[in-house]
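Below you'll find only one chain, the form predicted on its own, shown as structure tokens.
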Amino acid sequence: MPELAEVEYFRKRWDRAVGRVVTAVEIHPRARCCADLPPAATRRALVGARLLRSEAAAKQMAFVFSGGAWLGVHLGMTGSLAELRPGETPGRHDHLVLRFRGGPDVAFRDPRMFGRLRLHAGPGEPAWWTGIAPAILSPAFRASDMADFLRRRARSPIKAVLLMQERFPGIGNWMADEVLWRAGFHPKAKAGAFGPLAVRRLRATLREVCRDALRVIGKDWSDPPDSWLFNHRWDKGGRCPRTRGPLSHVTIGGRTTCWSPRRQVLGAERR
């Protein structure tokens, strides 16, 4: 599933249309990812409106139009945003197409339809946007709040807790593994065992990984350097880029987890 940096990359795929006016909206009538887009209401809100800006938060993005309309996009597992040439026929997986005066036309593409599109056409910002937890890179992401969150989930493994979007928005499977590997914490460490120094280290590493991911992947889909865990975590038999020791894999919270036994030792979190 796309995570923070992948969402930022795809958000920018539609930004070439900023300042353009929507001339037509095409919605696939049977696509479940469009279930929250009533065709008539969506066309009333968007046709004739100008795309003003786009925003990304956590694993979601929003496109804001003149007249107060917001289009929310969650990519799900296989969703993406694409450009179409003016007049180009949508592909079989292009479930929403916005046509713009002067182009480019843009499409929401989702082969498996696990994504979600939402429309807000009332006053103010939509609740589904304002309700997203504070961004990890924002000043509102405080160590004290994070420590309270870990204590409330004291018996849960830290890997599973880092995937909880209500506190760690945008963190997905590979980013959680990258954070724990860089910080030196075992993915099975109990959330309630983290001491004050460990909490601060975890917060700092979360912010570091988010910055690095946005700088490398979010910018232009560049491949991360081999100094990251990212390039070594996918295959069984991979080796840690820091210790050169073997990497291990286990399922935690239903997600495949990769870690370096030589680097990530249970007990380091108790500081």
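Computed from a prediction, not measured in an experiment: that's the story for all the values here. Heads up: residue numbers just count along the shown sequence, starting at 1.
Below, we refer to the form predicted together with the DNA, which is not included among the displayed structures.
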item: Candidate spot 13, 80 and 141, all three touching the DNA in the predicted complex (heavy atom, 4.5 Å); value: no
item: Heavy atom within 4.5 Å of the DNA in the predicted complex - residue from 32, 219, 50, 44; value: 32
item: Answer option from 188, 101, 152, 200, heavy atom within 4.5 Å of the DNA in the predicted complex; value: 152
item: Touches the DNA in the predicted complex: residue 128 (any heavy atom, 4.5 Å); value: no
item: Contact test in the predicted complex: residue 111 vs the DNA, heavy atoms, 4.5 Å; value: yes
item: is_contact(residue 157, the DNA) in the predicted complex, heavy atom dist at most 4.5 Å; value: yes
item: The DNA contact in the predicted complex: residue 184, any heavy atom under 4.5 Å; value: no
item: Interface segment, criterion being heavy atoms within 4.5 Å of the DNA in the predicted complex, picked from 164-172, 133-141, 101-109, 83-91; value: 164-172
item: Heavy atom within 4.5 Å of the DNA in the predicted complex - qualifying residues of 252-271; value: 255, 256
